[in-house]
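What follows is one chain in structure tokens, specifically the form predicted alone.
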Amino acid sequence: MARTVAFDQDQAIEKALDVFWRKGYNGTSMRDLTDAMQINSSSLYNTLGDKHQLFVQCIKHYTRKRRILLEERAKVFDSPQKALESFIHDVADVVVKDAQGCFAIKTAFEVSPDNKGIQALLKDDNDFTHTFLSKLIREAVEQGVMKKDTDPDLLADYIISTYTGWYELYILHKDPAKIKQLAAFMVYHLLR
């Protein structure tokens, strides 16, 4: 008679995500995962799959949580300009507070170049963020709070590529003030 699964899969995925985030995909062993998740390897394989399948589930879990957070956060503001300002400052806060860096960015450099499936998941996440930002920019242009000749798609790409670089700066310099200044600079020059 088969035993019932005696663990919370979402919680287990969160724990596995933390291990992958800290150690990277290649640096993480199955033992690291089962220890962190507090399950045996047969439970892992029978419910969540092998290391790669679990990693894919972690990416999906991470990006799904980010999407929900972005959408909920944008609803708080009464203007697209305020939502964009908040987004930029929120990213700076995350860069400074999260010593591990962005899981999606780390994964893009470590695993994505060699794995088209993971690359597609990360591209989908990037496309979501791009669409989210370009929509806010387009609304700000329509409301007259941003210049009429602003290209929403180009500006969304610029914002994403710029804050991606903040992670590297913070890893190298560990200077929160520098990241906060860069965010303020971006807000001042793009949204005023």
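What you see is a predicted model; the values in this text were computed from it and never measured. All residue numbers are counted from 1 along the displayed sequence.
Not on display, but discussed next: the form predicted in complex with a further copy of the same chain.
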Within 4.5 Å of a further copy of the same chain in the predicted complex, do we find a heavy atom from each of 89, 97 and 176?
no
Residue 18 within 4.5 Å of a further copy of the same chain in the predicted complex, heavy atoms:
no
Would residue 119 count as a contact of a further copy of the same chain in the predicted complex, using a 4.5 angstroms cut-off between non-hydrogen atoms?
yes
Does at least one non-hydrogen atom of residue 40 fall within 4.5 angstroms of a further copy of the same chain in the predicted complex?
no
4.5 Å heavy atom contact, residue 182 to a further copy of the same chain in the predicted complex:
yes
Using a 4.5 Å heavy atom cut-off, which of 163-171, 131-139, 54-62, 29-37 contacts a further copy of the same chain in the predicted complex?
163-171
Who in 114-135 is close to a further copy of the same chain in the predicted complex, meaning a heavy atom within 4.5 Å?
114, 116, 119, 122, 123, 126, 127
